[in-house]
Every structure is written in C-alpha cells, then in structure tokens.
Ligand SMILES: Nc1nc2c(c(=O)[nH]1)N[C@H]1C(S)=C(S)[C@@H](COP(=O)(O)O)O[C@H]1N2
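In structure tokens, one chain follows: the form predicted alone.
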Amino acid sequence: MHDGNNAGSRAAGPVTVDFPVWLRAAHWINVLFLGFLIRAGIQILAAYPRLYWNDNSTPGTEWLKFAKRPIPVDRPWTALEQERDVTAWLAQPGGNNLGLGRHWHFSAAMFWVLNGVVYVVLLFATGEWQRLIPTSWSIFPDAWQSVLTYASLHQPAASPGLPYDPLQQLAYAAVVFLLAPFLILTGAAQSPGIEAQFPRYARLFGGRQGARSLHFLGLLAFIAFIVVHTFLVVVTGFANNMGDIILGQHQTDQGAAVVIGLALIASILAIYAVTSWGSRRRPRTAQHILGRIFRPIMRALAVRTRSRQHYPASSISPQFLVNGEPPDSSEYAHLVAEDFSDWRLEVGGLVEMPLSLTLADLRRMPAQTQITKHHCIQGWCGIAEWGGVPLGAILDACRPLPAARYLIFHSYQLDMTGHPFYESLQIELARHPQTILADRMNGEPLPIPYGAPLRLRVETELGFKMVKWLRRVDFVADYRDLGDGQGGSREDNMFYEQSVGI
C-alpha cells in the first residue's frame, strides 16, 4: 500500500507535505497485516513446497520446489511426506503448522482487505488520489528517467507538486490498484468452493495450480517492493521520511518521528514474535480466537456454493496423489480378504429410519458419475472420475429428524492419536448435487489407497473432509460432544477449520 513517504524527492527542493492521519494509520495497519499474510503464506507453502502450472500436480512436472528430499520412486508414498518444518523467524507461526498457518492467513486477510477498502474510499473521498494515481501517459517516460537516475546513483527529482518521483508514484499506484487485487483474485481462485461454483473463473489463471503459482509470484513482487521501498526510505533521508509518515510533515520534530517510527517497527516485530510463540504454546486458543474472525464467511460460502464441475475424461490426472495410510486393523484386513462382502455402512443417530447398507444395497440406489477436481488442503490437486450414490438419496432413505444439523462420518482408519478417524459435515452440504458416497474411481472399483470400499466426495470442500474407508454415518445436533469438540480428527489434532470451502 502507498505510504506517501517522500523518499527520493529531496533533489527537487522542499515540498510541502501534509499527509492526513487516516493515511498514516492505514500505512502502518497495512504493514502489520501484510507481514502476517506473508509469514502465514510461507507457512502454507511449506505444507506442499512444489509449484505447478498443471492441475494434475504430477510429480516431476513442478516448475519450482523448495524440498531437498526427492519424491520416492521405489515405494508407495503419501503427499503428507512432503510437508516441511519452517523456522518461526520466517513463517507464522512456524514449525509444521498448516492448520494454524491458514488461520493466521485468513484472519489477517480479513483485516488487510478491510483496511485497503477504507483506504481506497478515503483516497477518493478526500482528493488524496491525485497524489497517487497518474493522470498523464508521460508518467511512463518520466519513470524510466527516474530508473536511469537511480542507476547513476543519484536521486531523481520529484514530480511537480508531489513528494516523490514518477517511478515511485507509478510503483505505489501499481501496488495498490494492480498487485493487491491480483493477490486477492488469485487467492480466491484456489478455493474449492469458488472453483466448484465458477469453474471458468479458475481457468482464467490456468486452474488452481496456475493460480497458486501466480499467487506465489505476487508474493515475491510484494517482497521486492517492500525491500526496495524500505531501502529508499533509509538512504534518501530517513528522518525526513519518518516525519512524513509518522507526523504528517517532515518539517516537524524529526527526532520524535524517528523514535516513534522505530518503536512502531519494533512493536510490529514483537507482535509477530509473541503471536507465533503463543500460537505454538496454546494452539487450541489460537484456533478458537482466529476462527471466530473468518468462520462465518467460511460457513456461508460452504453452504451456498454448488459444484458445477464437468471435466472431460481427457482431464483425468495420470497420477492422482495419495494421502493417508489405509487401515491396518485385522477387521479391515478381513473385509479386504472377503472383497468387502461382509461390509456394511451403518447410518443412524437422529434419523427416523436407521440403515445398514451393503455395497449391493448401495448399488441398487440412484447412482451418478462425475469428473471433478480434488483440492487438498496442502495445496496440490488432481482430477478423477467418481461414481456412487448421491448423499441426498441416503437422507431420503433415513429421514433425518429436525434436530439433525451435522453428519458425522466414521472411518476404519485411526487418526494420529490412535483414535478412530472422523469428520463432520453440515447437513445442508449433504444435499449438494455433487456430494456423493463413491465406490468407483475412474470407472473401476474404488482402490484401497483411495478409500475402498466407500468414501465421501464433497466437491465444494477441501479434501481432508472427504472421509475414506467409511464404516458409519451418524446424524447429530452438534459435533462439539465428539472428540475434542472441533468437528473432526484433523480439526482436533492438526487445528484445521471445521468448514473449509476456501
């Protein structure tokens, strides 16, 4: 965001600067939350540090990776093996904390966008836009002259009536009106809910992986701007520049401005350190506090979006990545040995008609096939054809009671603490047209690594919600009485959010 400092303008002589309080406040608020966004974004990237231009996320096709450990070629592996720890000096909150990293990222995004909207509204309401937005095409040759002047190790003259040179004005305007919206748009294109509802939108950026790669390049652009901008603030008159952005005028008490400015910078760095340390020390508290900020938007998005995905068969990924190990219990081993002939899906809880369904029962129910994109919370994705029973047909058969608000899906798999894996789903999502219980994948019986004999597919949610190796579905009024009360095994143990349409 433009901060209105006059770095590089001294060569043109004194310029009267009077930056209003709201502009100066918006600058420092932007610094705080942009830092949170960058740090949390690095945390999220570390969960799957490979970038692609194709939505198959096929190993070996990444254009950039930050992982020294190669993908195994001599044994089965899961995508979870690609997660990396990252130092808290760089990431928010550091370590291996994808769940909390996402909480920090989305919470900061809410305040960053709100601050940006207020800034732009006031920019035009007060006439301050005239200092920022170029009004003549001459800005481009003038900016090039500024580049040449900087290259000669001199300071270019300020634009007439402005506290900064043409290159700075062009850079500030580009950051506010091009780069910041670009980051917002490419971030939205990575949402499973948004892409499911508007598949063509994500294609504008080359699909989810293209959007993820562009989002990363936007991050680098922001970092480059911050580095150059900070450098110029220091070398072109730090005291004067602090006077402008702290007190509104560099003709005022520069000593006080420098002290206040340095104190603000130190406070922001301290906030990063304390919140990172506190998040790792009390992750559940961080999960709850930050979740309250963005959870209402998440849930509204999850309920109201509908999947409209219809990919052609030619789009099916040549290698669909695997996440999670199949159950290793004797009970599941017996089911596999008997080709799941003894398996039953139990449906109960707050329903009028409890069900006990074999695979044959399920295959006699209405069926549908869909080719859709799987969005893993780590960042990778893949396209596959899924076939099975619409979950809405199960609801029609069991007739949930009015008190039922959530479905709880139980797996034969155990979570990282050794307890049965489970996840919750809002009942409204169960009736989405492309929410199904799948027993087939790419025209074949569902393979064991992908959840045989039956798995959930909710095409507007992230992949960890789509429970594999299903054994039971319960209808409940609230999920807070189960496990640690967060809505699922990943929410309980890895601090993910219960509703994940983005």
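Just count from 1 along the sequence shown to find any residue number. Every value quoted in this text rests on a predicted model; they were computed, and no experiment measured them.
Omitted from view is the form predicted together with the ligand, to which the following refers.
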4.5 Å heavy atom contact, residue 205 and the ligand in the predicted bound form: no
With the cut-off set at 4.5 Å between non-hydrogen atoms, does residue 374 touch the ligand in the predicted bound form? yes
Mark residue 433 yes when one of its heavy atoms lies within 4.5 Å of a heavy atom of the ligand in the predicted bound form, and no otherwise. no
Find out whether any non-hydrogen atom of residue 464 is located within 4.5 angstroms of the ligand in the predicted bound form, and reply yes or no. yes
Full three-residue contact with the ligand in the predicted bound form, heavy atom 4.5 Å, for 322, 468 and 490: yes
Tell me the stretch among 45 to 53, 22 to 30, 472 to 480, 448 to 456 that has any heavy atom within 4.5 angstroms of the ligand in the predicted bound form. 448 to 456
Taking the ligand in the predicted bound form as the reference, which of 106, 421, 172, 343 has a non-hydrogen atom within 4.5 Å? 421
Looking at 370, 413, 155, 213, which is the one with a non-hydrogen atom within 4.5 Å of the ligand in the predicted bound form? 413
